[in-house]
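Given as structure tokens, the chain that follows is alone and in the form predicted alone.
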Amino acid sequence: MTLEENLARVGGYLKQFQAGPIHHRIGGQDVLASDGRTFDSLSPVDMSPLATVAQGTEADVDAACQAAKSAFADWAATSGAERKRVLHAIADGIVARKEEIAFLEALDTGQSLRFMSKAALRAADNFRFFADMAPSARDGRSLYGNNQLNVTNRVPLGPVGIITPWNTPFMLSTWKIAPALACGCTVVHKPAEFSPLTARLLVEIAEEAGLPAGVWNTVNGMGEVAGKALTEHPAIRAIGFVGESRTGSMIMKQAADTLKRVHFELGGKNPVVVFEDADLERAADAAVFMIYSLNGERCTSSSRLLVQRSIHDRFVEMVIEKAKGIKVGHPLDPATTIGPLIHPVHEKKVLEYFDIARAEGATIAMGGEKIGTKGCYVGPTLFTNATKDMRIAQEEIFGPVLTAIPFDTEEEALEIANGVAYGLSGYVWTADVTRALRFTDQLDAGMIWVNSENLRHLPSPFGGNKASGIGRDGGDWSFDFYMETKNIAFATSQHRIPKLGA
């Protein structure tokens, strides 16, 4: 399809949001903000308003939490087989509306349609994966001890709060919400205020698939009001959050008084380490993909390019040559790779790093400027002549911006790679298997790919170290977060019981 055809299609999908404000969804009912306030969701393409959205208050969050609390007992008691059926039905609903989801997500976030189409299908895969795990969610172990048989099982934790980000919001929401529902928890979801459209679609799809009212509630609004009320609410037993590290720290403080569990997937300043014996063509393709896809607005982007000095200049030229072919444009244009950044506030932050790079003495070898006068467009950018202590090498920029740093030895590469506050992911390129094993063992990151870009395997753990987060998603790691483990000990003999006061 052409851009013009896609614009015509998305216009039809937008009509549902133009009749009035996007409501909260609480207890199966559409609800406006208790004080009537709203905010506008803007498209970063041209800053035009896409929809008016109910702006959540403390009272709105309380109503959602009470609805989740009321629905918890019945949903927790629902059989794993029935939860599996409902979650598969939700996945079917996502697939049925995949084009609508992708088009709206692209226009709302600025992410190119080529990536958002895949994100919608990945969201369905998330629901199917955790649906299949639902029947065994409560399974445990039997542990024999002296004169005792221990039997473990797991029970749903209770109502949980899910706070999701504005980058690929639909897919990332399912990554958090699907396992919570599969476990038997109820949910209050607070989507990011910059990208609220598809969160509304998602809860609609879930209820149409047969999810009972109140099991999944959505409240829109600002983090400092709605988000804070959710993290502090006594009915909420855990908070799952994806976003920046500073916000994660605030949420941990807010959740402390009610002793909530927290699961954080936070920021990253991820290294891609390229040794001289690597397959340079594949490594360059992977490095370009991991920083310039999704507008560079991804937690696992390879934003630091560490290259062995003997091949540094040649490899950097390879990256530049490949990046030259990247099209920056309207996210609904099928040829576009990089669309506009999410919002003028974020665009301003990214643009400031171009001045920081110049002030620190780095070279802007490619890009480094705003594109056009409308929207939030920034082209693929590469910094060279950088050192490990520069801000551009230490701070998360969260845009299509790559910082190249040379190294001489394996030890130096490890020091540079580990020398940041973050530890989410890492990428290592080498033909030496022994070095790969040795290097990854010492690399301080929660996820590492060797001779590969980020390829997700849903049963594997996802999460980071240091300022990149707490806990792991994926497979049974998700269930451990959303469930409590019980141990029941049965005496197997008439063992001696101590007598006091005899």
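The model shown is predicted, which means the values in this text are computed figures rather than measured ones. Counting begins at 1, following the sequence as shown.
Only in words, not in the display: the form predicted together with a small molecule, which the text now covers.
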Q. Even though the small molecule is not shown here, does residue 250 get within 4.5 Å of it in the model of the complex, heavy atoms only?
A. yes
Quiz prompt | is_contact(residue 190, the small molecule) in the model of the complex, heavy atom dist at most 4.5 Å | solution = yes
Open item on the list: Test of understanding: in the model of the complex, would residue 396 fall inside 4.5 Å of the small molecule by heavy atoms?
Closed with: yes
Check whether residue 112 has any heavy atom within 4.5 Å of a heavy atom of the small molecule in the model of the complex, and answer yes or no. no
Review point. Does every residue of 267, 299 and 462 put a non-hydrogen atom within 4.5 angstroms of the small molecule in the model of the complex?
Key: yes
Partner contact check in the model of the complex: of 276 to 284, 204 to 212, 79 to 87, 156 to 164, the stretch with a heavy atom within 4.5 Å of the small molecule is 156 to 164
Answer key, the small molecule contact in the model of the complex at 4.5 Å (heavy atoms) among 338, 197, 362, 242: the residue is 242
Checked 123, 424, 405, 236 for heavy atoms within 4.5 Å of the small molecule in the model of the complex; positive is 424
